[in-house]
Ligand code: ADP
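Heads up, the chain below is alone and in the form predicted on its own; it's given as structure tokens.
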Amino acid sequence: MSETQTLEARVRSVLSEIKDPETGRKLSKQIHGIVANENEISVKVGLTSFAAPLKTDFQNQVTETLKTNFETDTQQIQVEVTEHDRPAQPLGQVGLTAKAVIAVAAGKGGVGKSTAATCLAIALQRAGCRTGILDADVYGPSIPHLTGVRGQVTKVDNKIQPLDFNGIPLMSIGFMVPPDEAVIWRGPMLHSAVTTFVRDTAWGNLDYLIIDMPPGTGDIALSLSQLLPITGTVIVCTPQEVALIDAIKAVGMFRKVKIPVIGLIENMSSFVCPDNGKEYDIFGKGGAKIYAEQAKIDFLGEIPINIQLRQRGDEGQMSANFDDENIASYLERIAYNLSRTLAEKAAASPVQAQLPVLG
């Protein structure tokens, strides 16, 4: 074996000790190319779209690992992160092809849950993830209004075709009933509707299905827990004590039905006055973060009170928030923190080799 081949083998060995953020397993097929000699070490390492929000972190980790093990005065280290395709496997008996199902919930209405769910889905997609939105709030479907998507769903080959929101497949009861018609359902009817939304919709191959849950604690969470393995729920609340009380109840409910609570989002955390630049904590601040620390739940981030955010929601222009430097960073940070939390959980409990995770 030549000296170059020996060096390449050593580089491959070092890279194989790095963990894939999606599965928590050591890299193998994701090592797409190695060039190693006395002048340079150049590698191509694959990252799945599921972990796309962590691309910069992943690239930095690979670079630092190589520098620690190989860099000399003459060697240059170059790392290129390429796309690694790993299709989602069917989940549960319904056959949904999604790598993660994230339920966005709240202990009470009026805390901005639907806004947070929509922004989370957009942020993940903009980072490079394949994302869908299921509006499971059958009593007050807000997603059609927030996204500006209108229309009626159709069926092709007995599959409901979701409507399109800038490349995000979208399903809501709002596409199936007139806007002025109330949905008066209980128990079995709710379970049937949720089953239809999950099982009979042509979602395609997703990294994340974001589910906008009804507020409070009720039948929808029970139905979903029986239908498919939910990766976890994200609880949205506002800073004041009365909202936190309801959020705590929601955390307890999801834990009872064995759905992990993977993060908290604090909405309406503060208001920066556009006239004088001063920050006002209208509803208090930091309550959700403090509770998250006490309950050992990851705090995913905060969303400030923002007039333009509210206006864009009313106008069905939620994507425009990501062109606004006053709000975009908050929304992108939440998506990043969610991805990081899932990566940490995967690293702590890697997907076993016998499970059908390809690549």
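Position 1 is the first residue in the sequence shown; the rest follow in order. Quick caveat, the model's predicted, so the values are computed rather than measured.
The discussion below concerns the form predicted in complex with adenosine-5'-diphosphate (ADP), not included here.
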Exercise. Taking 4.5 Å between heavy atoms as the contact cutoff, choose which of 34, 297, 47, 305 touches adenosine-5'-diphosphate (ADP) in the predicted bound form.
Key: 305
Practice problem: Tell me, out of 233, 172, 114, 125, which residue has a non-hydrogen atom within 4.5 angstroms of adenosine-5'-diphosphate (ADP) in the predicted bound form. | Solution: 114
Exercise. Mind telling me which stretch in 297-305, 58-66, 25-33, 38-46 gets its heavy atoms within 4.5 Å of adenosine-5'-diphosphate (ADP) in the predicted bound form?
Key: 297-305
Self-check item: Touches adenosine-5'-diphosphate (ADP) in the predicted bound form: residue 109 (any heavy atom, 4.5 Å)
Solution: yes
Quiz item: Is residue 51 close enough to adenosine-5'-diphosphate (ADP) in the predicted bound form to count, meaning some heavy atom within 4.5 Å?
Solution: no
Quiz item: Looking in the predicted bound form, any heavy atom of residue 310 within 4.5 Å of adenosine-5'-diphosphate (ADP)?
Solution: yes
Quiz item: Does residue 201 reach adenosine-5'-diphosphate (ADP) in the predicted bound form, with heavy atoms at most 4.5 Å apart?
Solution: no
